[in-house]
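Below, in structure tokens: the form predicted alone, a single chain.
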């Protein structure tokens, strides 16, 4: 504290930061990025453990031996689906639950896609749900087992095996008397939209685009949910899906529970279809852990719901998805081990005395047995972003020094004028006016730029409906209209600084140092705010934006100016989305050549763009809003800096 309170020491520290700010910023970025990537190494993260002792995983003797019954359900379901491959067999599912003696209901709902994707058409849907009442307690708490129904003709993985398993588990659970919580079995139509409609009705909330009937039957307050996506009657492993809406994750204890029970029943456990390394302490093991952690962050960053479990998390209900996989060369197991896995999970959840709260809600997973908590990943992230704030401080000090030098010069001139016998009063009035003018320029010169950049962000957020209406007379599909409309808006934002520069006089142009200072501070605040909820999105944005934005300055050298503009274009939201699609295509599909990869990626770019807008209005996703109102205006301020400030 003495160093900070001593004026001489403080001046020395400030002077050192100002002189060496570029080196400090570079060092912070490299150290923060390297430290963050090193967290995948086993010695720098922690092993998973149970914080909630009441779960008591695997301590009970399994009683499920309904293999043949599940096979029977699976055969009946396949026969039923052959009658009509494009329709959910609502009546058949309803009758199966009724035969088990459960409280069964059909939930009808309709929804309308935003942006007039199907015009004003209301798309109907039906969910079937059954409630098994707790036999040892009042219906104050509940657990949910869900299966999204997928038709035979869908391109997605089927879930027929999971539906047969659900019916079998419902029959098995009702025979036991130890249940202290209601168990609700839900079969949804239209993936997570049907799940959202059911949850809205369950919690009696309203949605502008989803309208549903009130539920005839209710259970208790939902404590946890498991979503089953099992394609066939035999699988070799379970792959776990955790990421939910806006990057939310379930409590780590729930993940540890399903991993422990799945391993106990002999299944291989996967995370992002990746196996845990056999030798995690080796360099190969570190690379495998890094790949797994990267894939998890890659899925979490967009903030999409992904599966049925994703919409539970926004209601403070811990949920995840179990995806059955049948790997080549691996021993496949039938419904017996699958049923015992589900039974073990639900019997452990039945032991809960309160909601999940003791373990972590913010974490990253390099493997199924290791985790990186928020206390481990925030320090390197903070150091990586600290370069923006250090550079902003240096810019501010530079601005104040310039003002002080100007004041000193005016004083010297004033003393000289006095010595020459000139009018002191006139000079004082003149000095006062010039001082006010400089102050006004410093404080107010950047406000028009910030206002215009924020205006472009608002246009990007509210204009998709306008682009759709504009594309209708031209017979453009909704995706094409939005895509080309956003491209036109982006190109107009690129041209904006040139027109603005021509309209501003030399004296009215903004102080570029002050503009950069404010923009860097805003960037740091936005990135830290995103990191509190979705560390993956914040990390990827910081990794590409921080070094480029810190290094930007207006230059009269044409080559340097074009170089800066090229780097800024690469980190623009529009091109970042395109680069992300290219990278995703490379990871998921085999492409013959680079040209076809670029063309396909440009065409596929419409999908995440539309999906972000749809989930923003339909499910309440924040990603599109954050990009339009936070990232895009901030990037545009740096784009103005290199053109107007030169």
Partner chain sequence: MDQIILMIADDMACNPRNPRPAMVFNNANEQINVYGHDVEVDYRGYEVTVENFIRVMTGRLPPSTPRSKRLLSDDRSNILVYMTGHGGDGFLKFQDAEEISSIELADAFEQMWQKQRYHEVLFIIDTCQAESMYQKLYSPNILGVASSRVGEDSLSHHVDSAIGVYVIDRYTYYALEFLEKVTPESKKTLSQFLKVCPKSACVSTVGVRTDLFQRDPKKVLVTDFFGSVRNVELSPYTVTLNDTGDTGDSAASDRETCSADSCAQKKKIQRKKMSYVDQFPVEQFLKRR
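Because the structure is a prediction, the values reported are computed rather than measured. Positions refer to the first chain, counted from 1.
FYI, the form predicted in complex with the partner chain isn't displayed, but the following is about it.
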Q) Out of 103-111, 130-138, 146-154, 230-238, where are the residues with a heavy atom within 4.5 Å of the partner chain in the model of the complex? A) 130-138
Q: Sort through 171, 350, 212, 274 and report the residue having a heavy atom within 4.5 Å of the partner chain in the model of the complex.
A: 350
Q. Of 180, 399, 287, 488, which residue is found within 4.5 angstroms of the partner chain in the model of the complex when only non-hydrogen atoms are counted?
A. 180
Q) Could you tell me if residue 594 has a non-hydrogen atom within 4.5 Å of the partner chain in the model of the complex? A) no
Q. Does residue 59 reach the partner chain in the model of the complex if we count a contact as any heavy atom within 4.5 Å?
A. yes
